[in-house]
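In the form predicted on its own, a lone chain appears below as structure tokens.
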């Protein structure tokens, strides 16, 4: 199996490295060509001139880009290189309808499509510990097991095309709630004069323990917000969740509140920081002492 990778952002570079470690990576492409050329030289693979070349030279094409329009643009660009027997696996986080549109475009070229968004952040991408939520034909899912094993610790088939993205929406809503809870609780602890390293250690071992607390708690209480998952991207994902809920006639309080909080922080220039930068807003609550500032 020869795999090409399209989209070498914070996630894509780590995912490409892990495919290479398993002898699967054949070609890479990125909109900023210099990034692809640098990685290709490092790994000894081809730096494709365009997505169509990746599709022509590889059996499987993994895409990981930021936004719905970018996914469709890349799919259209690679279409001339697609053919029967090839598979496109999109690991971006996009709307269910966009995933289905992408699948239709790929099918028109005779190839197969899986929507396979991931959870695990940059650390998971770098360490090969991602979790894949996959929609599409089960036979294609089974065929791509070597790719999933190379890049992740788990892959689950969730149903037809779009089911992966719907599952990722569940994940992103839950991440918003966890971010709200952890940042608010730690800001409360800090305002109470506690030793926050001790607090994080103790709480992590109890019923409230979670990945975000363990991985992001120690940095956020030091006001360090290096991106593992950029807040602006989570804002984008939650906007998709908001629309999906609206289509069902529902407004989700955690989603609505988190979007507003993120928007304030983005206006202040924090959009490229980790989502734990929400801690800034929680600290501000205690600094202002304003019960109406929510």
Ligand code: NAP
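Residue numbers count along the first chain shown, from 1. As the structure is a prediction and not an experimental result, all values here were calculated from the model.
Just so it is clear, the following notes concern the form predicted in complex with the ligand, a form of the same protein that is not shown.
Within 4.5 Å of the ligand in the model of the complex, a heavy atom is found for none of 20, 129 and 215.
Only one of 54 to 62, 233 to 241, 251 to 259, 39 to 47 lies within 4.5 Å of the ligand in the model of the complex by heavy atoms, and it is 233 to 241. Of the heavy atoms in residue 152, none are within 4.5 Å of the ligand in the model of the complex. Using a 4.5 angstroms limit between non-hydrogen atoms, residue 91 touches the ligand in the model of the complex.
Using a 4.5 angstroms threshold between heavy atoms, residue 26 stays clear of the ligand in the model of the complex. Interface residue remark: residue 184 is not counted as part of the site for the ligand in the model of the complex, having no heavy atom within 4.5 Å. Taking the ligand as positioned in the model of the complex, the only residue of 153 to 175 that brings a heavy atom within 4.5 Å of it is 168.
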